[in-house]
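Here we start with a single chain on its own, the form predicted on its own, put down as structure tokens.
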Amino acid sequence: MKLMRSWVESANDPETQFPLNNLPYGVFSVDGDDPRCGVAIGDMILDVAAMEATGLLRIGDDPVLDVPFWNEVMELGPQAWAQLRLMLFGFLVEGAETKGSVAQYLIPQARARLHMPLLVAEYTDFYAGMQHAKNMGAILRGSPDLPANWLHIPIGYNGRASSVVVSGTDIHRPLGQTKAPDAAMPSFGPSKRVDIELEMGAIVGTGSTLGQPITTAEAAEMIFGYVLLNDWSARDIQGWEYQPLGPFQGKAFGTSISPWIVTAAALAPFRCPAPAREVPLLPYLQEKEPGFYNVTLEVLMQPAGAAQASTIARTNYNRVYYSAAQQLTHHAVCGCEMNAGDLLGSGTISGPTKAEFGSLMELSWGGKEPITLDGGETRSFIEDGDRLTLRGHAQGDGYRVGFGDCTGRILPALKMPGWE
């Protein structure tokens, strides 16, 4: 697919993340006003909440954009999503007769503050990157062999929706228990091994019924869109707590997402084949149309006081072994009810070379091989003041579809009453 031209000139720039082909959904505010729903187009935001309020835009019988989140649109389902996207095309396409009435609803992105684009109902994090799973096995257990179940099911755990924050939100270094290998007792204090995880997040748009499994085809229809996702991790806290039930506090202190929801429709031209399978998946996980996408991803790190950020990793979303639809299908196969606004993290995305590793745990190989940044600083894990940024885009013919930066800075741990 080629660039779809818009009368918003900045949307026709081949370097913009937000051409007419994209039209991602977010929530913004200007000059202290209440947050409201908007659509990114070039370097502008289309105030669709105001358009609905004046009657210029309407989806269905009742207002759905009069709230500062996109959940009510999600609940309308795929037909309404397609209708809204078609209406937005009509308003913004080059030569649109409605240009005169729509132009007044455009607001420069530079003036806007971005907020959480959805109410996260629940959050589940998966473990769908094969190279990451092999790397972690080699680092932690001395063997890259995969767990016996890994090639058969999308492994995941239920995380904390309350800890999901929008890009730009600072995260305090977590407190918790850790235990040194040669120590008789655990100790309490700030994590010394705070890490990032380069992930994609899939947003469930329509729910399922308690007790009712879904097919992969149904799951694909249920996915509203995608965001970049950084599941911050405290590796030392996690290492002490995760036996036998898995991650808990080491993952619960923060998960950052990019501010714009890129719809499944916008990513459809970038579908790519499923990875080669060592063993066939069970029939309920097989897809007729693979739900994998060619999205280039990168991680940047900028220490406090550094003039610029250093790129520390580049990889691609197509490195995952299980698609979001397969993850959603497996999540619901036991009868688990899925809800509009559920967020599914892909798991850390890593490629086969060190330059493609999606976490500092892998890049520094458990802290044994510190990486050197462009300014000469070295890092094994994240230090206070470091800012981490995830970026991603799908590259089309003369255009790209992007998500906006997913960025966050690690601040010092907060003091706990009674502990010094």
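Residue numbers run from 1 along the displayed sequence. Treat the numbers as computed from the prediction; the structure is a model and nothing was measured.
Quick note: we don't show the form predicted in complex with another copy of the chain, though the next part is all about it.
Please run the contact check for Asn158 against another copy of the chain in the predicted bound form: heavy atoms, 4.5 angstroms, yes or no?
Taking the distances in the predicted bound form, the answer for Asn158 is yes, it comes within 4.5 Å of another copy of the chain.
Please check if Arg314 has a heavy atom lying within 4.5 Å of any heavy atom of another copy of the chain in the predicted bound form.
Arg314: no, not in contact with another copy of the chain in the predicted bound form.
Classify Glu218 as contacting or not contacting another copy of the chain in the predicted bound form by the rule of any non-hydrogen atom within 4.5 angstroms, answering yes or no.
Yes, contact at 4.5 Å.
If you check in the predicted bound form, is His152 within 4.5 Å of another copy of the chain, heavy atoms only?
His152 belongs to the contact set for another copy of the chain.
Please tell me which of Leu76, Val165, Met87, Ile107 lies within 4.5 Å of another copy of the chain in the predicted bound form, judged by heavy atoms.
Checked against the cut-off, the match is Val165.
Looking at Val93, Ala138, Leu119, Leu175 here, can you tell me which has any non-hydrogen atom within 4.5 angstroms of another copy of the chain in the predicted bound form?
The option sitting close enough to the partner is Leu175.
Looking at 247-255, 262-270, 68-76, 301-309, which lies within 4.5 angstroms of another copy of the chain in the predicted bound form, counting heavy atoms?
Contact criterion met by 247-255 only.
At a 4.5 angstroms cut-off on non-hydrogen atoms, which residues of 176-204 are near another copy of the chain in the predicted bound form? List them in order.
Stretch hits, in order: Gln177, Met185, Pro186, Ser187, Phe188.
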